[in-house]
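Next up: a single chain in structure tokens, the form predicted alone.
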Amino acid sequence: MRIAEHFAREGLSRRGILLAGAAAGVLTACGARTGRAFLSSDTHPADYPTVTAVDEMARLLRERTDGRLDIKTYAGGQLGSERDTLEITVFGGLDMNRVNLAPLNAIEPVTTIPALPFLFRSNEHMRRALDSSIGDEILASLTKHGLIGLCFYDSGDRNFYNTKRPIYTPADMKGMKIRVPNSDLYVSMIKALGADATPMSIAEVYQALVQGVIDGAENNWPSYESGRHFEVASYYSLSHHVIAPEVLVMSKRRWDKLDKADQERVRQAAKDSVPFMRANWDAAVDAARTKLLAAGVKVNEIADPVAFAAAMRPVWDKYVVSDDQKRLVKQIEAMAEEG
């Protein structure tokens, strides 16, 4: 199913069209100033590693084309949530977009693979897999949905945090209301642990924690810190249950207007921004962890990762169904001990 069709079925096309029109207006103005600037969106703050990585990609494009190609990024969710801006990107109102894979899970089944619980043993394992032909295949799967997958950016390991208590076993999560991204896969993971999943935009999480709409969420160290969620939910339990990447995509409508040489320049600049992003990401994780420990966040390791993995195993059975998915999972598992 194409992304536009999926959004239309969920009654989102009217809003998307309105937002696309607004974004197109910004794009026109941007183009008038710089000639060929691509308009890009990110929900993270301006100093977040994914945003600075796209800034680095822009620098590389300017350098390699004498300023002819450039990128203007609107960070901090200025152009809307990932769900909204993804629709805008498909319509061509946005040129580029950095998004979590979660909004793509319902559209393209292959994108669920990197988000499977306890698939990757470490961040190094994830990087090896996605730097290989496996990553290329997942990126290529987006083309038929009106998106060009340019590269993967790190999102680290996701852990649980909440306002109530430390989490040591799956039983500690029973009855908790946990925020998840808008993804059936994430909903299934939380339900498998006996908790109640509440899908919502990351921009809504802080207020939802304050108001008691949710008891907690799950995310990486930098997002836990930058969203100020630690101010309300001070229990951070290291489950490392998902080590999924984020992805930088480009509108196929915009891509098709580029000649082959510029397409290659854009793709190469994206790939060359990945090491820059990873260095900044690792530094951001260390900085966030140091800051939060100093702030008094109560951190604990879960008691038995095997128990959590076993509880979530039915999620694999539900979402790994096609031959392509099964093949990719086996290839990723086989790479666990490499390096």
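Residues carry their position along the shown sequence, with the first being 1. The shown structure was predicted, so the numbers you read here are calculated from the model rather than taken from an experiment.
Keep in mind the form predicted in complex with beta-D-galactopyranuronic acid (GTR) is missing from the figure; the text below concerns it.
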(request) Report whether the minimum heavy atom distance between residue 41 and beta-D-galactopyranuronic acid (GTR) in the model of the complex is within 4.5 Å. (result) no
(message) With a cut-off of 4.5 Å between heavy atoms, is residue 82 one of the residues that contacts beta-D-galactopyranuronic acid (GTR) in the model of the complex?
(response) yes
(message) Please determine whether residue 99 contacts beta-D-galactopyranuronic acid (GTR) in the model of the complex, using a 4.5 Å cut-off between heavy atoms.
(response) yes
(request) Tell me, yes or no, whether residue 192 is in contact with beta-D-galactopyranuronic acid (GTR) in the model of the complex, where a contact means a heavy atom of each within 4.5 Å. (result) no
(message) Each of 159, 198 and 216 having a non-hydrogen atom within 4.5 Å of beta-D-galactopyranuronic acid (GTR) in the model of the complex: is that the case here?
(response) no
(request) Would you mind picking the one in 112, 155, 73, 239 that has a heavy atom within 4.5 Å of beta-D-galactopyranuronic acid (GTR) in the model of the complex? (result) 155
(message) So beta-D-galactopyranuronic acid (GTR) isn't shown here. In the model of the complex, which residue out of 187, 202, 232, 139 has a non-hydrogen atom within 4.5 Å of it?
(response) 202
(request) Please name which of the stretches 208-216, 83-91, 177-185, 142-150 has residues with heavy atoms lying within 4.5 Å of beta-D-galactopyranuronic acid (GTR) in the model of the complex. (result) 177-185
(message) Where, within 241-271, is there a heavy atom within 4.5 Å of beta-D-galactopyranuronic acid (GTR) in the model of the complex? Residue list please.
(response) 246
